[in-house]
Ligand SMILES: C[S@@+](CC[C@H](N)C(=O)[O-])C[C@H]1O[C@@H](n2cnc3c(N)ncnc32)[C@H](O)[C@@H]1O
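The chain below stands alone, shown as structure tokens; this is the form predicted on its own.
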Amino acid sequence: MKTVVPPLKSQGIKTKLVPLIASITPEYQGRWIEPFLGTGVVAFNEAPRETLLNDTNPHIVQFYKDIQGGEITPESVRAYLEEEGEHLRNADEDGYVHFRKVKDRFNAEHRSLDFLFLSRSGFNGMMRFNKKGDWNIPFCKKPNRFSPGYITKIVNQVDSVSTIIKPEWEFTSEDFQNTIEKAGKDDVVYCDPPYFGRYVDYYNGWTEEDEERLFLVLSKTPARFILSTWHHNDFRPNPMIDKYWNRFNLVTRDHFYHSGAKLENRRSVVETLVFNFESQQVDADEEEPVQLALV
């Protein structure tokens, strides 16, 4: 089955890992819960009947709520991108003047369509905000970014997502712990938090204290959960694996990403999925790692 690709872009998107996540997801009668929604790629491919989707980045949440409520449609996206794309092509400094105009407007007014524009025209597909909550990624330096074909691609992605999102889906923007604590025994919680050790701010930082807090709340949840994180890369292992996540089941997969356009910038990282498909809870204070059996 073809993977649904969302209209928002961000480094670390789990598009290539969707089939692996789907292959280990158990059957469930309750909700699909995501405390770290991100671009939404996993939720849109899971397409659950009931769901609770959360992210501390309020702009992501508002964007998808606007699609859910009909404020953003494929038609409105096409009209917006055609107009803004034309301004970008004709702007001084190879488009940078207009990019800055949209960025400043978004930082002042937080329009969802401006957020989409920045997501699709920012450098290297990155999404990052400064401590004031303002967009903090420069222009990709492509004044012809919004070609007719590229606009159609984005419009089709908005159309796909709009047919998946159900009126009863719940979107929130709160601390991840609050979201996980709402999970019941029939729910599945999928977590894709910022990766520990990556010092690029996504919306708010991620520290070892956050990782520990995530471990503690997942250890106590009655729900089953899946956690995406990194296992090791070419240079070092993820110390959080031995410290916390080895208590659960692990499955790993080699993954390549680009830190730039050139082939020599290709990097290898081993991704891992952590999961607990047992009804028993894990003692977070237990000293010895416990490998739970698959069911």
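Everything numeric here is computed off the predicted structure, so don't read it as measured data. When you see a residue number, it is the position in the sequence shown, counting from 1.
Just so it is clear, the following notes concern the form predicted in complex with the ligand, a form of the same protein that is not shown.
Engineer: With the ligand left out of view, which of 229, 68, 57, 62 would have a heavy atom within 4.5 Å of it in the model of the complex?
Structural biologist: Selected option: 57.
Engineer: Would you mind picking the one in 122, 194, 143, 74 that has a heavy atom within 4.5 Å of the ligand in the model of the complex?
Structural biologist: The option sitting close enough to the partner is 194.
Engineer: Check whether residue 174 has any heavy atom within 4.5 Å of a heavy atom of the ligand in the model of the complex, and answer yes or no.
Structural biologist: Taking the distances in the model of the complex, the answer for residue 174 is yes, it comes within 4.5 Å of the ligand.
Engineer: Does any part of residue 39 reach within 4.5 Å of the ligand in the model of the complex? Heavy atoms only, please.
Structural biologist: Looking in the model of the complex, residue contacts with the ligand include residue 39, since a heavy atom lies within 4.5 Å.
Engineer: Is there a non-hydrogen atom of residue 13 within 4.5 angstroms of a non-hydrogen atom of the ligand in the model of the complex?
Structural biologist: Contact with the ligand, yes.
Engineer: For the chain seen here without its partner, which of 48-56, 24-32, 245-253, 231-239 has a heavy atom within 4.5 Å of the ligand in the model of the complex?
Structural biologist: Only one stretch passes the 4.5 Å heavy-atom test: 48-56.
Engineer: Could you list which residues of 114-134 come within 4.5 Å of the ligand in the model of the complex, counting heavy atoms only?
Structural biologist: Nothing in the stretch sits within 4.5 Å of the partner.
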